[in-house]
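The data below hold one chain only, encoded as structure tokens and taken in the form predicted alone.
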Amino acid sequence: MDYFAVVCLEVLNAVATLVLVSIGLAIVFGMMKVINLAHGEFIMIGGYAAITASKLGVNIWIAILLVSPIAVGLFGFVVERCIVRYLYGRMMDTMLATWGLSLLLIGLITSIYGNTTIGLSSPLGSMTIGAYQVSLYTVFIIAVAIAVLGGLYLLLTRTDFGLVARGVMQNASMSAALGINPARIYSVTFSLGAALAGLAGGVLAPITGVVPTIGVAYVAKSFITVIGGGASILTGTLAASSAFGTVNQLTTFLSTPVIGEVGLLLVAIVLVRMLPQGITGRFFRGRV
């Protein structure tokens, strides 16, 4: 029974991790139809922002929960104003531009921090489940993922910004005719997606460490999750993260982490083959 509880906790941790690394891309790609190939580097910058702030004496919780999302959100705002806003509706150009940006960021961060992994000490200890020790930071990651999904649900469904943002993404011309500034909404929405990526980087930094090339692994999982989830931002991300995270973690328990990654990829291929519109294209239609 104790071992079963540990397995369930680790599965929830895998699901929460996928939610955190994917939800920013779900906002940018799912709402704005912008393929941001630099999403992984946004997560990487969030990790470095948390580590740098912590080393400068900032409280580690502030560094993780505030400095990382704010720093990357502001960086995303600059990227949107300087690059992305000129490429809306030009998917291939957006892919090339953000791919080039990702290479630039990797080179820039490598020249500043070097090519070695650095990290943060886990700020929480461990708890005992029978004969097993489990890190309390695992519970923290699950709590952050739940808080992010709940906060986004309230933002998108219970606030004027959420209503306006969804309206602009569906019909920018009609929204402009009603007196709304679509450019401002696009900019804020892209910055929100970047901030969520930064939050993911800060939260995961204590358990994974950060290296300039770590974004490559994150962006692949993020795109798999967002495409597998389908059009609904929150419901799709949660459904795909639950499916992929469960398969990944259970396969890892039964074999090795490498086989777990292979299992995740195989399930994603089968899912996209059977449900080309994603999980929410067939189920949970109309949900946010």
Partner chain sequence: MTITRRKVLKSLAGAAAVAAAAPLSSFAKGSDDIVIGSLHDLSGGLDILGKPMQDAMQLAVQEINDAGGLLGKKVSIVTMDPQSNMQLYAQYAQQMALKDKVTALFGGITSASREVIRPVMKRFNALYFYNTQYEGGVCDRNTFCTGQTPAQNVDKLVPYVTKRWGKKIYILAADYNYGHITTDWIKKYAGQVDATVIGADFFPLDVNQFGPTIQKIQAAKPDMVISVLVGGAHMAFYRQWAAAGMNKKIPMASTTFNNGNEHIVLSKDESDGIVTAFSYFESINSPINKGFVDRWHKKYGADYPYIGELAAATYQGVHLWAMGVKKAGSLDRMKMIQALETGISFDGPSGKVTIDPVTHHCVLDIQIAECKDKKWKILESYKQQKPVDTAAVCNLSKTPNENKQFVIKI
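Numbering follows the first chain given and starts at 1. As the structure is a prediction and not an experimental result, all values here were calculated from the model.
Separately, the form predicted together with the partner chain exists; it is not shown, and the next lines address it.
Chemist: Counting any non-hydrogen atom inside 4.5 Å, which residue from S111, T117, N181, Q170 sits next to the partner chain in the predicted bound form?
Modeler: Contact residue from the list: T117.
Chemist: Pick from L156, V188, M95, I207: which residue has any heavy atom within 4.5 angstroms of the partner chain in the predicted bound form?
Modeler: Filtering the options by heavy-atom distance leaves I207.
Chemist: Taking the shortest heavy atom distance, is S175 within 4.5 Å of the partner chain in the predicted bound form?
Modeler: No, S175 stays farther than 4.5 Å from the partner chain in the predicted bound form.
Chemist: Might N59 be said to contact the partner chain in the predicted bound form, defining contact as any heavy atom within 4.5 Å?
Modeler: Close contact is absent here: in the predicted bound form, N59 is far from the partner chain, nothing within 4.5 Å, heavy atoms only.
Chemist: So in the predicted bound form, does any heavy atom of Y3 sit within 4.5 Å of the partner chain?
Modeler: Yes, Y3 sits close enough to the partner chain in the predicted bound form that at least one of its heavy atoms falls within 4.5 Å.
Chemist: How about I214: is it within 4.5 Å of the partner chain in the predicted bound form, going by heavy atoms?
Modeler: Contact with the partner chain, yes.
Chemist: Please name which of the stretches 123-131, 162-170, 145-153, 193-201 has residues with heavy atoms lying within 4.5 Å of the partner chain in the predicted bound form.
Modeler: Partner-contacting stretch among the options: 123-131.
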